[in-house]
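The form predicted alone is given below as one chain in structure tokens.
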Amino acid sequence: MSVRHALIVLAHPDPQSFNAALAHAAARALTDLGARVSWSDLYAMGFGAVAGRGDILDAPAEGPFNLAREQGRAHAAGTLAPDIRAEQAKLAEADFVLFQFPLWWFGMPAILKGWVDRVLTLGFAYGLGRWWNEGPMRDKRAMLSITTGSPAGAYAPDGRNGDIERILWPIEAGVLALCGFTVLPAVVAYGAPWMTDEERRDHIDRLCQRLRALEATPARFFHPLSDFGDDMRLKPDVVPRTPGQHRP
């Protein structure tokens, strides 16, 4: 399935950053492939990162407040805040989503985590029995393009920072795969602050080559819901499989 409409979600405060350069190069590559490209440049948008009552136009002013339940109710009623509805509209239209961000404190920048908290609401991105391979995003693909401050060796299984597989699992599995996305292996620029100009150009080319080869790129493996029993553990006759390598 070729990409018809891509969404790039960029989370970096500097429009002149390497992350921004990667995002713009990705946009050009996707456009060259014939895709229409939408943008969510979160810092440029001033996107609010804090989920709460303000996300819901008809939220109760007082009393107990269950965010997920209220998000689900507001999604059904059309009373989510306008900035959330705008992001959901972009996401609904896209069949491929690229998340471009620096790895900070072993995770997403807060503004991107806030985007996840506010945009991937109950009823829109997941629901009871509507998750993993049955999730609402199951007809979409997603990929991370990230930069790190430490070299590749630090993210090896025996590296100082720990295996990049474990670090990215909460995002790739706990956010993307849980919502149903087909997750493609991440493209990682290790030690980005220490790269030479030539190395940065080489990595931009690497990202663009990956985007041009999306159709031939095997997706990450996640066990389908049918592999699990009522106790949410793998059934005894299922052979456990790992998602595979992030590094292509």
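Keep in mind that this is a model prediction, so the values were computed, not measured. Start at 1 and count along the sequence shown; that's the residue number.
Below: the form predicted in complex with a small molecule, not depicted.
With a 4.5 Å cutoff on heavy atoms, residue 79 does not count as touching the small molecule in the predicted bound form; it lies far away. Looking at residue 193, you'd find a heavy atom of it within 4.5 angstroms of the small molecule in the predicted bound form. Although the partner is absent here, residue 88 sits far enough away that none of its heavy atoms falls within 4.5 Å of the small molecule in the predicted bound form. The closest heavy atom approach of residue 104 to the small molecule in the predicted bound form falls within 4.5 Å. Stretch-level contact check against the small molecule in the predicted bound form with heavy atoms at 4.5 Å: of 141-149, 68-76, 118-126, 91-99, the positive one is 141-149.
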